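Next up is one chain by itself, shown in structure tokens, the form predicted alone.
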């Protein structure tokens, strides 16, 4: 993900000044910029005017914080029984399970919900999952929907998922670390309809926002949801200073020392605006569609699915032997020769699939064509190897 030059320049200025957001007096400008940037992003996501949040180190910290907020909002009686559950798509990011482990919820806390052929969570199965958990005497703590899975780019049916979560009165968090960038694109933004129904939303703008790391965001629809993070330290945020309007962000983050990462995002938004960033998102989407069309037209390649966002999954079809070892080997051949970096994944069916993650809006169709030619050439060479 090549960062935008304007974002790099803004980040350099922050590094030179080296402020920290743990108290207002250390970063008055940074504090104001973060709050304003959060309001702009929350509005783009369709959250109410009261929404706010915090900048994070990335999608993992956003998911961890969202689950912590959901857990600590429950009555003490529910916390004491140790039978909390988190319900998420079977294709959800691994950080959901890791966050549950960090929070001490136990290995059985995360309940995966089946997806359809398109990789999206099935709301009916979610309903059954929540009902079963309660029937077993367990307490559903949070539903985590995914807006942009790492492989297919699948976006869960957010309005239907929100309706189920609301019916069971369960907190809804949407992990939009990848797909959230579609909000900038007027063409793709409708894919995220229903995002504003969530209680918390995670974004990661180092992907489809082209920001230097770190550029994670956690949005919350109601500032009161941040209450479990509230901290009071006399040397950082005394109550009378807070009451006088010297707002501290200490009680919004798991971290104390924290860079004003909002500054580079604010400068980018001011410079390019939604239209400018949306054009870059659309360009990456067009490259993905071009790659998919070329793959579908090539007899030796098999397209897994039409791209939703900017990822494309496919396989090389060898003339002889099993496809999985050939695909794994051709990828390593390209890496060893320094010719190309092609991703690899498995959708749970045991089949090795190759993956293109097209996040450079300055790439061309010719670049994509050349990459696929390299895959075909490496595959043909693997076809000739005795071990194939």
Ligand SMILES: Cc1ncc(COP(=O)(O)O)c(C=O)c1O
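Note that the structure is predicted; figures quoted are calculated from it, not measured. Numbering follows the first chain given and starts at 1.
One more form of this protein should be noted, the form predicted in complex with the named molecule, which is absent from this view; the next part is about it.
Asks: Report the stretch among 205-213, 239-247, 295-303, 186-194 that approaches the named molecule in the predicted bound form to within 4.5 Å, counting heavy atoms only.
Replies: Among the listed stretches, the partner-contacting one is 205-213.
Asks: Identify which of 259, 138, 93, 71 has a heavy atom within 4.5 Å of the named molecule in the predicted bound form; exactly one of them does.
Replies: Partner contact (heavy atom, 4.5 Å) among the options: 93.
Asks: Can you work out whether residue 150 and the named molecule are in contact in the predicted bound form, taking contact to mean some heavy atom pair no more than 4.5 Å apart?
Replies: Yes - in the predicted bound form, heavy atoms of residue 150 and the named molecule come within 4.5 Å of each other.
Asks: Does the named molecule get within 4.5 angstroms of any non-hydrogen atom of residue 30 in the predicted bound form?
Replies: Residue 30: no, not in contact with the named molecule in the predicted bound form.
Asks: Is residue 310 close enough to touch the named molecule in the predicted bound form, meaning at least one heavy atom pair within 4.5 Å?
Replies: Residue 310: no contact with the named molecule in the predicted bound form.
Asks: Is residue 178 close to the named molecule in the predicted bound form, meaning a heavy atom pair under 4.5 Å apart or at it?
Replies: Taking the distances in the predicted bound form, the answer for residue 178 is yes, it comes within 4.5 Å of the named molecule.
Asks: Given a 4.5 Å distance limit between heavy atoms, list every residue of 46-77 close to the named molecule in the predicted bound form, or none if there are none.
Replies: Sequence-ordered list: 58, 59, 60, 63.
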